[in-house]
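Quick setup: one chain, the form predicted on its own, written in structure tokens, and binding and motion questions come after.
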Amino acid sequence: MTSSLRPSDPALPAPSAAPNPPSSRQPSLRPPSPRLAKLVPYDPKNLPAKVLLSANESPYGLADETQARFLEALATTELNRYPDPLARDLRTKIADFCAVPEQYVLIGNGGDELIFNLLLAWGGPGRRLLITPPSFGSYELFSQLTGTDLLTLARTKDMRIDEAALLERLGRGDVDLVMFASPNNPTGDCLHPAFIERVLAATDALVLLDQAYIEFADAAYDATHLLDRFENLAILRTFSKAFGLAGVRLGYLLASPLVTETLCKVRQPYSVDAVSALAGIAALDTAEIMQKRAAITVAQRTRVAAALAALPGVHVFDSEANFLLVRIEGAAGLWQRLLDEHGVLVRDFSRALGLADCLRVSIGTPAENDAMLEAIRCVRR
């Protein structure tokens, strides 16, 4: 490691010899917070492969029309100036797109930043987060980073939330924050708004409905109509999936002004850069392209699910997202062979709690899906 000190000025006298030999030097850095002692850095398993079906990304790059709008706006943007802290132009576009008031919208550097900010504001020592694993791993990670007590309610054998048990647990009145993903990652199932309404009525905890994959789901699962009635509801969405902007890092929250204004107290002041905001605006201005591509992905999901389910010993979970959770014997070994022998990368969940022998397969282009299916057939012959 290079020193952060400036080199000594040659005109100055040489420093005297160190009083102790190097081997006896005392540590020069205090240890980090004890909360980090057992934490392992997040590993997205971003390995090189010919067919990338592991991260639930869109397989499609920016459409020509979207890119043209983005580059035109970028050409007239003064990047030497700090961006609008609230990205108001993008905020207006999101509000129109989601049919909510502007004050209900808060934008972040990806959905992860907004999840972290929710735990900064509603979590912390002595406060409790309730989740229903298996679900998005950042919920647990960020609870540990913020010192928030974590409560877990296991899912049923078919990977559904035990609704009665959840409502009973919330009825105790000691939960500060609840986080659901709908569609859930990695299982793909959705929560119906009627159940979400029962949850919101049963608790004064802030309830996050993480809908990163909502564009691939049936319209019946949209819960934005509940925002006006329940100030303890926050809905998280992103440009990373259906809009194909995972490389930009852009997410947004829909919630009552009480929530969005509180989060402004803990958010980084310039977390959304000017370039990301322009990309988001261009994507919304051409949203019909995203919608057509999402429809293609849904059709491919149906086709791939049927093809996988036809293989002996394979169980495919129902999904409303752009991925499928698949239970298949010897999943870990299959994952390795798919990568080593065929260059196909999917996500191995076989060591996760409740997900023995499970792989998560993102839906790609028709050609990528065909390559993945053929690779699985070859490996299992």
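So that there is no doubt, residue numbering starts at 1 and follows the sequence shown. All figures in this text were calculated on a predicted structure; none of them were measured in a lab.
Keep in mind that the form predicted in complex with a small molecule is missing from the display, and what follows is about it.
Novice: Can you tell me if C190 lies within 4.5 angstroms of the small molecule in the predicted complex, counting non-hydrogen atoms only?
Specialist: It does not: once the small molecule is placed as it appears in the predicted complex, C190 has no heavy atom within 4.5 Å of it.
Novice: Report yes if any heavy atom of N117 sits within 4.5 Å of a heavy atom of the small molecule in the predicted complex; otherwise report no.
Specialist: Outside the cut-off, so no.
Novice: According to a 4.5 angstroms non-hydrogen atom cut-off, is L236 in contact with the small molecule in the predicted complex?
Specialist: Residue-level check for L236: yes, a contact with the small molecule.
Novice: So in the predicted complex, is the small molecule close enough to K241 to count as touching (4.5 Å, heavy atoms)?
Specialist: Heavy-atom contact with the small molecule at 4.5 Å: present for K241.
Novice: What is the one choice in R155, R293, R127, R249 with a heavy atom within 4.5 Å of the small molecule in the predicted complex?
Specialist: The residue from R155, R293, R127, R249 that makes the contact is R249.
Novice: Check each of T132, T203, N185, S276 and return the one that places a heavy atom within 4.5 angstroms of the small molecule in the predicted complex.
Specialist: Flagged contact: N185.
Novice: Look at the stretches 225-233, 70-78, 93-101, 241-249 and give the one with heavy atoms within 4.5 Å of the small molecule in the predicted complex.
Specialist: Correct option: 241-249.
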